[in-house]
Structure formats: C-alpha cells, structure tokens
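Below you will find one chain, with nothing else, as structure tokens; this is the form predicted alone, and questions on how it binds or moves follow later.
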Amino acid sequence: MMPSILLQTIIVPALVALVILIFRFQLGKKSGWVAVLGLVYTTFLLLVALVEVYNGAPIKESYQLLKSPDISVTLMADGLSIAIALICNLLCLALGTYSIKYVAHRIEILYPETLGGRGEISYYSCFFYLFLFFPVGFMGVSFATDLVLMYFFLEILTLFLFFLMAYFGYYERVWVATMCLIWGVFSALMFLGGVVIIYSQVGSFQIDQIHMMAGEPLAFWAIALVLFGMFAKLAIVPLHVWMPWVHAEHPTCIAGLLAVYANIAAYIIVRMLVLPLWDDFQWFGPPIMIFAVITMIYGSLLTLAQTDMKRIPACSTISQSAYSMLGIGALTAASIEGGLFFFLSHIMGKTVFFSVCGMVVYITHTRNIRLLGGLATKMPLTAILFLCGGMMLAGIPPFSSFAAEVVMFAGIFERGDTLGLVVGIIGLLAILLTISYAVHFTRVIFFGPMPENIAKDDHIKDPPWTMTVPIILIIVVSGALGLYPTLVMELFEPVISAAVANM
C-alpha cells in the first residue's frame, strides 16, 4: 500500500491551496484546474484505501509530533470512515469542477471593477484556495481518532465556510456568513463541553476510550451536550432557523459541501456517542425519533411554500437531514446503517438538486420561480438533471436513497414497539411530501408555460460541460449504489453490527 495514504488525503489539498495562493498570478484562471487535479489525486488515494479496507483490517497511521511531552496524531480508516470520506471527497471533486465557470460568473456580478485585472485573478484564486480546506476538514473529521483532532477539523470547516460565504455569497452575504459562523461556533462549543466531560472521566481524548465512561452519571450530560450541538448543525427543529438563510445565500457551487458540513454530524453522533455509549444512549433514542419526524414534516411543508429558486433546496435540507437522525434514534443495527447510508445518499442528492438550481440561476439570472417556466424546451439536459436530483431526494429507484430508506425503515420497524411503528409510518408518509415538492417544482420550472422574455432569449440554453458532467457523475454514483447497496452495507456492517452485537 502507498505510504501515509490517509495523511496525504489531508495534507495534499492544503499544499495545493498554498501553491495556488503563492502562484495565483502565474496560474491565473488555471487555479481551478490545479485544485481539481489535487482532488483527483486524493480521490485515487481513497479508492486505494477503500480496496485495502475491503480486503482486510482497518488502516491505521500514527505520527509523533513531539517526544516530550509525548504528542502524537493517529488517523484510522475503517468501513464507516472510508465510505464517508470517499463520497465527501468525490463531491468536492465534482463541485470543484463545477465551480470553474460558476465562480467567474460570481466575480463578474460581485466585483465588476476587477475584471481584466489582477484583482479578478486574486478573487478567482481566492475561491479555490479557500475551497480546498473543505476536503481537508472532511477527511480530518472522518479519519480522526481523538476528539481534539475532530474538534480542530470541525473548526476549519466553520472558518473557511465563513470566508467563502462572505466573499462569494448572495444577498447580505457578510451578515449571513456571520450568522453561520455564530451557529457553527455554538455547535462546536457544545461539542467541546461534551469532550471536557469525557476527558474528566476517562483521562483520554481517544475515541476508542470513550466506552470506559459507560454507565457513569456524567455520561448522560456528555451525550446531551454533544447531541445538542450536533442538532444545531443538523438544523433539527427548533434549532433550524439558520439553515434557510445560510443555505440559500452562499455561492451555489459549495451548496453540496454545506450539506456535508451539516450532515456529517450524523457520523460524529454514531462514532462518538452511539457505538461507545450504547446503553447510556438508549434514553435519547425516543426523543430523537420524535424530533426527527417533526423536522421531516415541517421541512417539507416549508419547502413547498418557497418561490425562491435557492431556498427550495435550502429548506428541503432541513427535512432531509432529519431522516438520518430518525434511523439513528431507532437504535437498531439496520436503522443506524440505513441512516448513515441515507446521509451519503442525501448529500449526493442535495449536491445535484442545489447545483442544478444554480445552473438555472446562472443561465436565467433570476431566482424567482414565478418568472420561470417551460425551461425543458431550451434546457433539456438541465431538466433531466433537476428531475434526477428530485428523485434522489425523494428516494425513488434506482437511486441510493431508495435502498437507504428500505434498510433504515426495516430497522425502525424491527424495534417492535409502538413508538417504532407509529414514527415509522409517519416517516414513510413524510416521503410523500418530498415527492410532492420534487414533482411540483419540476413541473413549474421546466414544464409550465414559458414566459415571453425567456422564449425570446437565445442565450438561455444548457450550461457548459464543466457544470453538467460533474453532476452527471454524482447521479451515476448514486444510481450504482442504489443498484448495488451492498457496496456500502458491507463496509458499514462490520463496524456497526459488530459493535451493537457486543453491547
């Protein structure tokens, strides 16, 4: 196996970002392609790591930073973390390619006075060296084996998201970026509070030592603090108020990454709380399921009420994020595996759905769907991609969200109690709301009556291939995982089912 493969997936994007920063004027608008090449390499590394995990034991890498005091960093890839890291990195690669044209368009709108000069190059390269810290953060959170390291990478994501939104967002972008930063810091502080309690009980920040505090009175409070912080990140009702603003006003090319930023909390909850503190976590299961199903219904109804092209997927994120928590709250091996599988399916679907909304805004220069209609005639490929994105979110075959929902709801009904039966049925009915808004907005935007100004505008057509091909790639991956869900389940099962069986 290649040396330091996990460390490379973290270090390489950071080094590429440094190269882009230093040589930005020499690279010019090639900065985007340099970033993409770096992500192609890390995706290759993760595929190599995936094969190793499939064939044998987890990959573990340790690096000593100081001898006295003894400070070292350990990274680990098992079936759970490698699947999440690979999909996250693939989305970064797709959206990095998508951004090459999109960012140039944003700069034309936001900073027209810089066009044709060094200022334009500075802003263009700025986007990509900031963007590359998303894969750094995602890989770090996925592979971290201690809580301090996980906290560090969570803060990297929050910090660089702030700058990307403030520089390249939409309406009131600095104010919205600040709101996102405040909520991100709040979530991190709750996480840190839980970490302090854990350390006080076990004397270690290592995740594999958390089980030592099982059954202790303070385990309840550690779980409660971390869960509260992660609920804020996931936008679970009533901690959802930031999501429609933030998710609608950032640059569309990072929308999928913000979905990962929010939903990676589901992975943290399972890795840090559910598996090591199984018995202590049981008390939290029923409340999680109830709040999740409320959020699913509320988020879908809120989505149906939108007329802003960017707020449609923004509000749907509230609903979709709750599906994963419903599965985790049911606390069966199948429901947890299905919940995490749905997390991966959701971030792929949301990347497609939001990116296609961005294509429509990019081409038509309007976010108001009441001013749109009949776009399928002029943008047939975009219409197909939008429909696929809606199907991915709604859990319609052959996409992976359907397989994830089957596994997850099977696990929920496996509980065999009244709560599992009632919440499971309500959750299934909530899927109908997702189907409703996916069909409704597809009909209105692409198959409704075409406004006269759109009919006369010859510039309205499908966007360039750098925007469409990456989205097609994600759709293909989701379809493949939907047809062959064992590719994911065989990775999850040894980690989750084995841990649950030992409880």
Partner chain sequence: MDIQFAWLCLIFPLIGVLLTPILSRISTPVMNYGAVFFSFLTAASAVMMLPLLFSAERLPLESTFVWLHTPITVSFGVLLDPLSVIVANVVAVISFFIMIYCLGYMKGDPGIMRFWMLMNAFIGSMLLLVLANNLIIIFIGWKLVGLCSYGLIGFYYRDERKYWIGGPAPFAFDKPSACGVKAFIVTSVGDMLMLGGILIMYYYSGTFNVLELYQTAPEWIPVMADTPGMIILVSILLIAGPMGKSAQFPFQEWLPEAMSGPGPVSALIHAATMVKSGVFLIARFIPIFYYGYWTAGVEDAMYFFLIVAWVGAITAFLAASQGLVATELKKILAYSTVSQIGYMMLALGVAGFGQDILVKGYMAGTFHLMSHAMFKACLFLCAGTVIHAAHSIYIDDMGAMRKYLPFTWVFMGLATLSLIGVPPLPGFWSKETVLVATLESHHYMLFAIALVSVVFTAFYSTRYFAMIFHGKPSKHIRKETSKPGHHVGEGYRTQTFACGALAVGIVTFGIFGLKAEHAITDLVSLQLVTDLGLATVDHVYSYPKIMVVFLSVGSVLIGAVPAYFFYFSGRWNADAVYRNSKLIRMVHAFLWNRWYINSLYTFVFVRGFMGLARIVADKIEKAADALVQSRLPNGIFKISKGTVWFDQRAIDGVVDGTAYSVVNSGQLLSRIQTGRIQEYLALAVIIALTISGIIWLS
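No experiment lies behind these values; they were computed from the predicted model shown. Residue numbers count along the first chain shown, from 1.
What comes next is about the form predicted together with the partner chain, which is not displayed.
The candidate spot formed by 179, 387 and 391 lies fully in contact with the partner chain in the predicted complex, as each residue has a heavy atom within 4.5 Å of it. The partner chain in the predicted complex is approached by residue 435, whose closest heavy atom lies within 4.5 angstroms of it. The partner chain is not drawn, but in the predicted complex it has a heavy atom within 4.5 Å of residue 439. Contact check for residue 244: a non-hydrogen atom falls within 4.5 Å of the partner chain in the predicted complex. Residue contact check for residue 483: one or more of its heavy atoms lie within 4.5 Å of the partner chain in the predicted complex. Between the options 301, 290, 371, 115, the residue in contact with the partner chain in the predicted complex by a heavy atom within 4.5 angstroms is 301.
Taking 294, 104, 419, 410 one by one, only a single residue has any non-hydrogen atom within 4.5 Å of the partner chain in the predicted complex, and it is 410. Exactly one of the stretches 354 to 362, 136 to 144, 281 to 289, 235 to 243 approaches the partner chain in the predicted complex with heavy atoms within 4.5 Å, and it is 235 to 243. Residue 183 is the sole member of 181 to 208 found to place a heavy atom within 4.5 Å of the partner chain in the predicted complex.
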